[in-house]
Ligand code: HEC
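One chain comes next, on its own, written as structure tokens: the form predicted alone.
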């Protein structure tokens, strides 16, 4: 009886994993699409900085910034060039961009 319960639990865990993994992939794709539409025009598709004065998002300076600092930079902007996105992006979208910026780490 205990073995049967263990097998059922294993099956449930596999099914849950099959449901969750595509959602994680979808979230990553959504963050990449959001980055491409809102950030890549200045920071470049690879985050290295396309326009003069933009930060290399993979640099130690950016990567050592806290999530709170990156969230504030995205939401409030960085004058004079980086626009504020507060009110244009949801809190969840900004959070996903912070996570995406972390993928540029060198």
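Predicted model, so just to flag it, every value in this text is computed and none were measured. Residue numbers count along the first chain shown, from 1.
Missing here is the form predicted in complex with the ligand; even so, the following discussion is about that form.
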Contact of residue 78 with the ligand in the predicted complex (heavy atom, 4.5 Å): yes
Residue contact check: residue 48 to the ligand in the predicted complex, 4.5 Å heavy atom: no
Heavy atom of residue 30 within 4.5 Å of the ligand in the predicted complex: no
is_contact(residue 60, the ligand) in the predicted complex, heavy atom dist at most 4.5 Å: no
Stretch 81 to 102: residues contacting the ligand in the predicted complex, 4.5 Å heavy atom cut-off: 81, 82, 83, 85, 89, 97, 101
